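Before any questions on how it binds or moves, here is one chain, the form predicted alone, in structure tokens.
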Amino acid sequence: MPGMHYDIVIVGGGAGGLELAARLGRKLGRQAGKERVLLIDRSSYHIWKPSLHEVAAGTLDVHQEGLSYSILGRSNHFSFLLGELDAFDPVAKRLTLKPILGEGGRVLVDERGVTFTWGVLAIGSGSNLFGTPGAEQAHLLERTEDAEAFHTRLLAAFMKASFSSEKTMSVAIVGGGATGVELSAELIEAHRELLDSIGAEQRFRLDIAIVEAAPRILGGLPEKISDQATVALERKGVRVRTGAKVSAVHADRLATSLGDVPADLIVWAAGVKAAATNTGYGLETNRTNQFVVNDRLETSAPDVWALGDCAGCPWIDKDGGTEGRLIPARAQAAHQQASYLAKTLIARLGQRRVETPFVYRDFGSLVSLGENKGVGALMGGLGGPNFFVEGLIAKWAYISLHLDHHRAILGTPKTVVLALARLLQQRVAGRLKLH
């Protein structure tokens, strides 16, 4: 297949990459009969990553929620190419995609080459296993496929427990960050939904333990939020074990500094680390394999930028200093970076240069604790006040973040229709996916 060339190539269709492609596509449109922007992703459809814990629990159906990149490209005037990055040459401004394989390893599509004038890497990050023995046995929630695989195992474990003599199943979650906390709450909701649909003789108890090495869960958030979340989870029956460092992962238990934690299912939700393959793309990386970028999101190579979790971007404070801090791996950071880079790249196309640096604004954090419950701090910022919210208000605010992401790529009318369709589907078919 002959090589392809685009003005702007974006690798990675997560929150930041997709929003950037949509913004640029709508602005630039078509030229000489083809789109000027290309988005590349290894999946054919998009799921907002912060909702993967819902997919894992079965309270969100990816077949209804997933958005086709091809359809999004058609409506937003960007091209989409399915593929996984294999090689990246920032000097030649060329990248190579791995072959696409079918059943039995048969090659369906050969490797392909793409050249670009400007390139953006938005390939996200993965889990940091910290070299823990046996950690590869745990379930990860990095991709939609991971969440679906866990859900399949979860349904099997539910079935086994409902017909066992013990009538108990247990889940251990390593990591008390937002993912671990939200997953535990969503599993409680899924279990409750299941009990409402089966007979009394099949009901079983679900034991969930969150294992966190730090002194408290949600360590990156204000202590007040951590305390509120701990109380809410314990009231739901979740065991929160802080100060417990995992030393090994076994098939049926976690070995920790505070003793063993038995588990039928184990999920690893601790630590964030970019892919080791990032170090082989000819760009400067840091100790967690993130691409080192400056305050304009520029990598060490000209005309190549990085955004989102894969970028180690300095966090500029209100006085213009960085104090060695990096912008946290959050969806709101990727959203803001996509908006900034859209302006930067449009300026480059006009032979101009954006001189103002990227400044991250922390709008606070929200954590979902199940249906109609949540905690969070809104309008948190650099020296600004925090407004603490909880309960239904926090839950609605949390949902609004998801809808705002959809609005950025679908527009307001389609987002409203999508939200209503999801609500009606839950009313008709129930909230829990049992197949």
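From 1 onward, residues are counted along the sequence shown. Note that the structure is a prediction, hence the values are computed from the model and not measured.
Omitted from view is the form predicted together with a small molecule, to which the following refers.
Test of understanding: in the predicted complex, would Glu35 fall inside 4.5 Å of the small molecule by heavy atoms?
No, Glu35 is distant from the partner.
Indicate whether the small molecule has at least one heavy atom within 4.5 Å of a heavy atom of Gly13 in the predicted complex.
Yes - in the predicted complex, heavy atoms of Gly13 and the small molecule come within 4.5 Å of each other.
Residue-level contact is defined here as any heavy atom of the residue lying within 4.5 Å of the small molecule in the predicted complex; does Pro50 satisfy this criterion?
Yes, contact at 4.5 Å.
Give a yes or no for Leu403: in the predicted complex, does one of its heavy atoms lie within 4.5 Å of a heavy atom belonging to the small molecule?
Contact with the small molecule, no.
Does the small molecule, in the predicted complex, lie within 4.5 angstroms of each residue among Val9, Arg23 and Leu297, using heavy atoms as the measure?
Judged in the predicted complex, none of Val9, Arg23 and Leu297 sits within 4.5 Å of the small molecule.
If we take heavy atoms and a 4.5 Å cut-off, which stretch out of 301-309, 216-224, 101-109, 190-198 is in contact with the small molecule in the predicted complex?
Only one stretch qualifies here: 301-309.
Quick one: from Ala122, Ala229, Val267, Cys313, grab the residue that has a heavy atom within 4.5 Å of the small molecule in the predicted complex.
The option sitting close enough to the partner is Ala122.
Taking 4.5 Å between heavy atoms as the contact cutoff, choose which of Ala334, Leu345, Ala172, Val293 touches the small molecule in the predicted complex.
It is Ala334.
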